[in-house]
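The form predicted alone is given below as one chain in structure tokens.
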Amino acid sequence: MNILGLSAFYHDSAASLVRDGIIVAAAQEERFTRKKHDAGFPRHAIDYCLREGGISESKGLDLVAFYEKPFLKCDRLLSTYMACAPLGLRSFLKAVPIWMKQKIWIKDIIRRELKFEGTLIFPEHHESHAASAFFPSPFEDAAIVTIDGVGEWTTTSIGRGEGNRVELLEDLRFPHSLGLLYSAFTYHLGFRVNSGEYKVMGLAPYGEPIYRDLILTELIDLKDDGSFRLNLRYFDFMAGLTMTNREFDRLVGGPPRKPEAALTQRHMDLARSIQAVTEEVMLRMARHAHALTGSRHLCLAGGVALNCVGNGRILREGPFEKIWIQPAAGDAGGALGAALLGWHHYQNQPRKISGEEDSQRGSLLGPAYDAAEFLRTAAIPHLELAESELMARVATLLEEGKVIGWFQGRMEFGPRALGNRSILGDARSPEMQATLNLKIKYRESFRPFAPSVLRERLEDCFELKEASPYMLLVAPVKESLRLSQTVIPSEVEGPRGATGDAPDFMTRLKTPRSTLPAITHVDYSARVQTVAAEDNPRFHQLLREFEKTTGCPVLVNTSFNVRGEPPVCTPEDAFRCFMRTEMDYLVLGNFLLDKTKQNSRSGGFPTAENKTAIWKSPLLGEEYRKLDRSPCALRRFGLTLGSALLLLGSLLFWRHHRGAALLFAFPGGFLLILAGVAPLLLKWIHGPWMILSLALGWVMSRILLTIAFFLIVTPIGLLQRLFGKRPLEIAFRTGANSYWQARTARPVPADYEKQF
């Protein structure tokens, strides 16, 4: 049985294919379209999954699973506007057209795009997260915690996994969300929401948690069991277009930082404070999950599960013996969870566990490519080496301080580079972090880099006993590798200035803290990836060769991309990135490319953005870009418009308005002739006409939606509040001992077929 899982229309669209309970393929749409966090229908990812599974068309599919319930999400959206009305018009005008055109019609879109007439199922968002965490894990039973921004209504859930069943036991609901709280600080610190949260986590060690108590007093009412409420007085994400408001700015002592503006000590302290609060909430939730389920194991998913600092604390300080985190913990992983729910819950099929290993196969679930064909077709200078010779050569280059682009085998599923789409460097180099950030990745200088270490040498380098194959745990660097703290002058860590500026941020950044300075963060921590021979034999072989050459079993490993782009997918993507940066060498399979041997035209491949830029409109950009301009579409346009003008001219002629009739008849006839003999010439008419049509449609839709907001949504919301019925529970401090809400209904197969 072939089951296709899909996530789409929020962010990180993805597709996965599960066959008889085995994960065959999974990939994010962004990797193919080159649009970071692409939220569109995952057409390219679906095509890849079908190819990988040997399925020529959608008739080979038995079931398609979408990762959430669209109508339940729409219910939350409308309830939010009713709770906020008469505020929230701007947000309403932005969100509702998207729902009307796209998200409400998900079932029809899937059937049309796939030409699929079989069964569609719609599990809940957090149930998909829970399934993605538990079913691939190596545990027979486990507690499950899922934390993200929001699904349909749920923002956090605690559940239990046992055998082939996942059951959600308790949850927290919108608008009270740890993910949204963290995103609010991400926004205030000048980073992009839903992608800049990593930056906040990386910035945190440079600050002090001086706002921690303020957050716990004013912004969040946190209970001992990890449940909480947000003080919505300080946030704008319900009714507005920003995450925070002026009350929030006054509370934390300043306005939001503008993107690319200088970072001050206040910003670093805010990052450290929200990180400390997030870790405390995660720890309390983990303890409550243990008390609720009694399990020795924990599975994590949801966007907040990518907070590897919090994950590391749960492993070290929490009550669980082992934890397993879904590598694609965000919405992309929901596609995999939905497909697995289709197999285990909807089809009620058993689950097989293979010993101590998980079933995600190192999360190397994406496409592989023939580099030889690409190099030959593009006539790119390269050197082909035998595997042993290649490993020795690359290890030597890394020892010399060279930066290597490393492209091998199947692409990773999830946001982390795990050794197949990676940029590698020598972790012993004091200059490597700055080199990678400024000359390769083109990003902020404070961003840390992760180490990849031989699994068998893990405890020699880091204070971590459990394997971390997916780079989702932060652990301290071994004491024996740390340099004495006396190398950090006290004046470098000196007092804050009156303006809040960091006294000498770059000096602190460049101060070595261990014998592996490129991967040791300012607090002596590192985000660790362990590499085992059974998971990735080729990358493991390179690490062993580097250790044989240098005595060091650790390499810097960062994703193969530059700032603002997703990790590379194809050899073309890798070569383009290689030529646009200051990388020294590129390895494509067994082929070694030297930057100095490449000619100037080698980097001339157009990017995906360049291919479509000509069709972008300043006013209606995305909709205008998506218009079909093929000869067939232009011919239909000419025939339709020409026929309409001729018909109008005929009516005017019949009403004895012969002059006006000719004004319409002649253009109509001309368009019909062009449509028949030269439809491509119609593009000069098609573009302006469609811009005018879209602009008029945009204006009319906003007028109608504004009327609906004030004549329907606002009165209903005000009446509900008048009679004491609140669409949302927004009270801050209620005196309750816990805010967890029990889940009573356990879904049956028929429930999965409903969109609500």
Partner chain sequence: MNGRLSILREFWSFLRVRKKWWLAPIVVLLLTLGLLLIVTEGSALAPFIYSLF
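Only a predicted model underlies this, so the values are computations on that prediction, with no experimental measurement involved. Positions refer to the first chain, counted from 1. In this text, rigid core is short for the largest set of C-alphas that superpose within 1.5 Å between two forms.
Below, we turn to the form predicted in complex with its partner chain, even though it does not appear here.
Enquirer: Taking 4.5 angstroms as the heavy atom distance cut-off, pick the stretch from 39 to 47, 689 to 697, 25 to 33, 54 to 62 that is near its partner chain in the model of the complex.
Expert: It is the stretch 689 to 697.
Enquirer: Would residue 119 count as a contact of its partner chain in the model of the complex, using a 4.5 angstroms cut-off between non-hydrogen atoms?
Expert: Answer no; every heavy atom of residue 119 is more than 4.5 Å from its partner chain in the model of the complex.
Enquirer: Would residue 108 count as a contact of its partner chain in the model of the complex, using a 4.5 angstroms cut-off between non-hydrogen atoms?
Expert: Contact with its partner chain, yes.
Enquirer: Closest heavy atom of residue 704 to its partner chain in the model of the complex, within 4.5 Å or not?
Expert: Yes, residue 704 sits close enough to its partner chain in the model of the complex that at least one of its heavy atoms falls within 4.5 Å.
Enquirer: Though only this chain appears here, would residue 449 touch its partner chain in the model of the complex if you measure heavy atom gaps against 4.5 Å?
Expert: Taking the distances in the model of the complex, the answer for residue 449 is no, it never comes within 4.5 Å of its partner chain.
Enquirer: Pick from 481, 238, 645, 283: which residue has any heavy atom within 4.5 angstroms of its partner chain in the model of the complex?
Expert: Looking at the other structure, the residue within range turns out to be 645.
Enquirer: Quick check on this chain: which one of 112, 90, 597, 250 has a heavy atom within 4.5 Å of its partner chain in the model of the complex?
Expert: It is 112 that has a heavy atom within 4.5 Å of the partner.
Enquirer: Considering only 629 to 645, what residues come within 4.5 Å of its partner chain in the model of the complex, judged by heavy atoms?
Expert: Contacting residues: 637, 640, 641, 644, 645.
Enquirer: Once you overlay the rigid core, does the Cα of residue 638 travel 2 Å or further between the shown form and the other one?
Expert: Yes, because once the rigid core is superposed, the C-alpha of residue 638 moves 2 Å or more between the shown form and the other one.
Enquirer: Against the rigid core, is the Cα displacement of residue 100 between the shown form and the other one at least 2 Å?
Expert: No, the C-alpha position differs by under 2 Å between the shown form and the other one.
Enquirer: Taking the rigid core as the reference frame, is the Cα of residue 571 displaced by 2 Å or more between the shown form and the other one?
Expert: Result for residue 571: no, shift under 2 Å.
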